[in-house]
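Next up: just one chain, as structure tokens, the form predicted on its own.
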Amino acid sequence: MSDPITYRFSFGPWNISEGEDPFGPKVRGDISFEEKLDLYQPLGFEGVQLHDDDVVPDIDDKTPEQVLAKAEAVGKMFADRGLTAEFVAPRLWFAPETADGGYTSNSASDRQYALDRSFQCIDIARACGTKNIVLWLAREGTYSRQSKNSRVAYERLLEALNRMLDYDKEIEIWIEPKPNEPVDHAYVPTIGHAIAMAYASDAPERVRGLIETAHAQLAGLDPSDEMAFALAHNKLGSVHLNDQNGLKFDQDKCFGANNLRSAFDQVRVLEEGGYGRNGEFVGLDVKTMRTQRPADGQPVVTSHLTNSRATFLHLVDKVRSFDKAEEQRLIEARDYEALDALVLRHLMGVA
């Protein structure tokens, strides 16, 4: 029997926020990127999720030489703190050139901007010490379905994917699907779409997926089933664990906050699928409540991160201590009512 997995955890610096949202300004004090990095190890996190402009602020105003120098300096920050850059993602939804999407824009010059920035993101990632590139295809979709030819859009996405794979033949690209928001309908809305893109690419072995709990829920799907599907294809690059209350905007609630049963299912699929055994990170993407204030003596709010990490580890214990023999007996008897009750009692700690 193999040894239990020792999980490693990651989050992005945006998960420590000042509380600004589309409906109101900041409610907490600012904290620098460097100060955020200092918090990772004390909180039990090793991996840093990144956008290209987290690494290099004001990226479009800098020369290629300045961008690379800054990325190398940030890579040294990670090394000095014992941290690992998990991935870098090109932020292709802020710049004016990406208003109509990047890779699928109806403007040829804007599509070229998206490609150039993606190539630059790869250079930044390598300077930071990671070969992993995440594509959240935020504006790759439409507000009006008549505005783009969907077949052509998928061809353009595949071409961009292949161009990046050819630019650096050692990188992995992880596609992070989401069905909507900020666009009305997004291309590549589920992990099945992402894996189809991977198989269609010029280097299928270097294209995988990143599954976020809330994104799967927004598509009306079970996150654990999405994770299982990716694991069955050896295509699960990473996860972003959080929670979601219904088909609303992307809430990024603490992991397990809304549906503990669903959280248990996700942890079980990851644990039984061997996720983490090859060093994969358990990534969190969670926001604290806007009302939250730092605890006494603390500079920022981090309880949403530590609570989510603790919930995951508690559920690992629940998965490992679940009565598998009784489960199998009930499955063979097809007594699913009793099986359902067995899971609930186990989660509640009731004998």
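Because the structure is predicted, anything quoted here is derived from the model rather than measured. Residues carry their position along the shown sequence, with the first being 1.
Unshown form predicted in complex with a small molecule; subsequent notes refer to it.
Between the options Lys70, His51, Lys36, Arg28, the residue in contact with the small molecule in the predicted complex by a heavy atom within 4.5 angstroms is His51. A heavy atom within 4.5 Å of the small molecule in the predicted complex is found for exactly one of Leu161, Ala85, Ala89, Ile195: Ala89. With a 4.5 Å cutoff on heavy atoms, Lys178 counts as touching the small molecule in the predicted complex. In the predicted complex, at least one heavy atom of His240 sits within 4.5 Å of a heavy atom of the small molecule.
Heavy atoms of Trp93 reach within 4.5 Å of the small molecule in the predicted complex, making it an interface residue. When contacts are judged by a 4.5 Å heavy atom cut-off, Trp174 does not count as touching the small molecule in the predicted complex. Only one segment in the set 100-108, 259-267, 212-220, 225-233 has residues whose heavy atoms sit within 4.5 Å of the small molecule in the predicted complex; it is 212-220.
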